[in-house]
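One chain is shown next in structure tokens, namely the form predicted alone.
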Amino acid sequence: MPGQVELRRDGNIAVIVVDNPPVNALSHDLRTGLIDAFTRARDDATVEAIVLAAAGRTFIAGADITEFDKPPTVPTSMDVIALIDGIGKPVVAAVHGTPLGGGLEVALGCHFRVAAPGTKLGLPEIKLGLIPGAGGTQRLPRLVGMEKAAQMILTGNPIPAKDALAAGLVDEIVEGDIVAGGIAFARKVLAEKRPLRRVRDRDDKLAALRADPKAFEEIVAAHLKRGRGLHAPAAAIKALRWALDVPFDEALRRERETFLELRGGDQAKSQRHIFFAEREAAKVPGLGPDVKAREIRRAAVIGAGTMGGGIAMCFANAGIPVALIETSEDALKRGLGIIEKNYRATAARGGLTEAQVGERLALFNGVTGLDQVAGADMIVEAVFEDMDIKRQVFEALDRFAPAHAVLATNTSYLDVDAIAQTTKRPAAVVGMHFFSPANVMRLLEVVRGAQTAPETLATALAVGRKIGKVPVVVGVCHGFVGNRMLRARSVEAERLLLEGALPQDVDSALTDFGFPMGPFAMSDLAGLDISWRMRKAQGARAEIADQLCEAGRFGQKTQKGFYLYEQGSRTPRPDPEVEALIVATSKRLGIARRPFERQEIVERLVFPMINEGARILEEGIALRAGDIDVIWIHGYGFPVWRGGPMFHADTLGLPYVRDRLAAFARQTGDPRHEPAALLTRLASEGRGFGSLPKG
């Protein structure tokens, strides 16, 4: 098929090249072309071996995800692989770029695989709520062993070519032209008369496990624990077990059946939504191809506390030298010590070598004084969350920062425009709201101020991606998107305590919903004093939380907060003193207490967030409903298999959400529960947030 699959000859070698830009997705047309090309090569008696390769930047990078919501069409990927698998001539996959998912499964169906040095190979289906559906769970363990296969399939993370070679996934790494390398390898196979062993027939790496079934349980135990609430990990583990105790063809049939069942489920739909939403979030109005991001060769971070140190680690992890600036030598020494401790802990877990730890630490330049920003292309302010302090920092940056530097504030609540007005270059100012711990959390809210220049915004986004974050552009308001919605949940959580719930009731309802932690356990972890100081600055009050802080109960750091903590333990235990305080406060305020069902607790916590999200969309603070979902998935632990708060609302149906909010408003008398105008309009029109324009 022109433009899809080309069949050409190099002597007695047939070369099949796929060409389906941009990533050679395994579309229906491409599958049809592969069937035709492999059939002709198989039936040509003058062809002694076949090389499968791809044009462009990558080998087949996976299935065509746009076909996921459509009925399967023939030929399927399984049909293509079955044809390759049954050809009685050596078939060599010559891979480069990112052979992922269905693309790697096609390569697994070949008899041999060679790879270019920079290739990354993987089966990422688990990240979309799926399992490999074209033999990946059966062929990969036979090639690399069960432990490596389970790691690849259950994390979805790709591995580099050198690791693939060591594991047996590829047979050779080819320098130079990958097609020529594939042809040379095919000739070597013919010259050496290598036996034609299909992957399905290999058993040497599974035989020991068949004799010791308990070993399989040990391999998958940790993965199963991490997949709590998700359907796909359990299904993948079951499929991997079939590789040990079910005939190959029957295992393939079961794998495909499971894949199709998962594909039609709500979890996979939610995870596909996030997949596309992350890509939509990268499309920002006003940032066309003519807007170029500046190159960031050196960075500076002001503040060596928890956030500043974590942000500095992000730059160092990406190979960018960073000046870490503090006001005193003691504070600087403490911050650098924590950074080194973090790296050493990662090395102890096997995440870094000692050499890599040394390389990263060498990228830090610990200094005192704001004049040390002089050599930085990007400066990130990460001082205490106080407007006066931040203004002082940015006034000083006017004197010391290079004229071309991007000036970023890590504020999580404060007005970025007000901060920008303290400088003579507001166009260079942007918010870069990292989430704690900054070196771990993937979300980055990039706050576009009223005068932020397009080039400044583009640079913040490019840097965010370079340091491994998922950047989402938001507008200026108190708390931006994530924390503004979190505030709505926090108010409701406190109210639930006064009306009859206990901290453990609220937290367990939300963890059952899918969050990793409930709001009160999370407050104890972060420190209750942080929010307390902020409330006092705003003249606000939270009855229960403020009383706990006034009693010196700041959470885990004091071993008492909403819960009790034993020395050295992070496990919360209910505290009768807190229960007594809550009951007494309800009585003092004249609030009648009552029991709550878990569903009501979840709705009381989540629906006000959705309502606030609708207002955020009305105001243009977020560009898209999907942007809000990405923020809550990557920054706040919203269960990915529910697709984020706005997608979850669409799944439930907006009329239901509207009516429940209206009922809450009647019950509480709080106008914030009244359904937002946008939510009301969409519900009356029978539409969801997903129907809104994408930016």
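Just count from 1 along the sequence shown to find any residue number. These figures come from a predicted structure and were not determined experimentally.
What comes next is about the form predicted in complex with 3-hydroxybutanoyl-coenzyme A, which is not displayed.
Listed stretches are 118-126, 195-203, 501-509, 235-243; the contact stretch with 3-hydroxybutanoyl-coenzyme A in the predicted complex is 118-126, by a heavy atom cutoff of 4.5 Å. Checking Gly561, Gly613, Gly101, Gly109 against 3-hydroxybutanoyl-coenzyme A in the predicted complex, a heavy atom within 4.5 Å turns up for just one residue: Gly101. Here is the short version: of Leu30, Ala53, Val657, Ala63, the single residue with a heavy atom within 4.5 Å of 3-hydroxybutanoyl-coenzyme A in the predicted complex is Ala63. 3-hydroxybutanoyl-coenzyme A is not shown here, but in the predicted complex it comes within 4.5 Å of a heavy atom of Arg279. Although the partner is absent here, Glu105 lies within 4.5 Å of 3-hydroxybutanoyl-coenzyme A in the predicted complex, judged by heavy atoms.
Of the heavy atoms in Pro132, some are within 4.5 Å of 3-hydroxybutanoyl-coenzyme A in the predicted complex. Put simply, Arg588 is far from 3-hydroxybutanoyl-coenzyme A in the predicted complex: not one heavy atom of it is within 4.5 Å.
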